[in-house]
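What follows is one chain in structure tokens, specifically the form predicted alone.
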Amino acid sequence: MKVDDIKNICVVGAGNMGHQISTLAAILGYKTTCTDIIDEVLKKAETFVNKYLPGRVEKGKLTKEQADRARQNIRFTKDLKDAAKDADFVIEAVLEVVDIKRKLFADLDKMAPSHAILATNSSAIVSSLIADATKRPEKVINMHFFNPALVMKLVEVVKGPHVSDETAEITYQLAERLDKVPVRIHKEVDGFLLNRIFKAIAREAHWLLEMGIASYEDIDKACVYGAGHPMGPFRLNDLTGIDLSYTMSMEEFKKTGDRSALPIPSLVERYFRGEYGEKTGKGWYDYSDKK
């Protein structure tokens, strides 16, 4: 298969990352099916598309014809088999839990055409932990988009030891076709490239907060006005989701037994209060008035 052979894209998971990746693919001409097991999530995803595309027309970023064509390119379904049956490329964007992904990829292996590449958008789980759940391990790869996927240019393409050269190259080229700037990662490593760097920053920021050395607001200010970051680590955490950080930290602890991987108490408190960040209206910061 070549990248030109990719006409139909299936995105599994209609949450924030999934529906944005779906929207992007549809705008750029791919027949795109977005699927999720939760009706409410699917409905929110479709509502997002129905508002986003006209909004781009109003801002002069898309013509009405382009927006109409993009809307025709995307559909939403709860039926995974229906979503995957004609897919040339599948992008998974579900919870960061290995067992969930393994079950999903085993199902996709049976439902998607034999030529289809099965990519995971995971930011932490390497594809070698998933690939052997399928009969096509050479076609299972990490293709990591960054949040918000409609805006952020970077895509990390990770070539695990099981991934064929063809799969890695097609995935890289597809990222380019999706108007992204892909980078090749030649070996699997926890956190890939950028998140390893962010993790080191976040670890120090969390230590400074928990030791009472500075508030999270002032730590964010230091990163923005001193290091030139677009936002500080706590503001970024609100954007990506405190629930995601909690889940990923707990998964790392289960895997390694390293207590330093556990989320800090301040983050745990917010997680159990349901304060996940922007999507819930409150996290480290308050977004209740933001619309």
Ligand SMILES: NC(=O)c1ccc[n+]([C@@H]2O[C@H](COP(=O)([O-])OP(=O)(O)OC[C@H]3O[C@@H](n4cnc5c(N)ncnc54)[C@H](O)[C@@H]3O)[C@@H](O)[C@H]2O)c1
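Just so we're clear, the structure is a prediction, and the values are computed from it rather than from any experiment. All residue numbers are counted from 1 along the displayed sequence.
The protein also exists as the form predicted together with the named molecule; that form is not presented, and the subsequent description refers to it.
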Exercise. Taking heavy atoms only, is Thr134 within 4.5 angstroms of the named molecule in the model of the complex?
Worked result: no
Exercise. Ile9 near the named molecule in the model of the complex, any heavy atom under 4.5 Å?
Worked result: no
For this session: Give a yes or no for Ile38: in the model of the complex, does one of its heavy atoms lie within 4.5 Å of a heavy atom belonging to the named molecule?
Result: yes
Exercise. Is there a heavy atom of Gly277 no more than 4.5 Å from a heavy atom of the named molecule in the model of the complex?
Worked result: no
Problem set entry | Answer option from Val189, Met152, Ile100, Ile197, heavy atom within 4.5 Å of the named molecule in the model of the complex | Ile100
Exercise. Of the options Ile264, Leu62, Leu244, Ala222, which one has a non-hydrogen atom that comes within 4.5 Å of the named molecule in the model of the complex?
Worked result: Leu244
Exercise. Out of the stretches listed (81-89, 177-185, 159-167, 118-126), which one is close to the named molecule in the model of the complex, meaning heavy atoms within 4.5 Å?
Worked result: 118-126
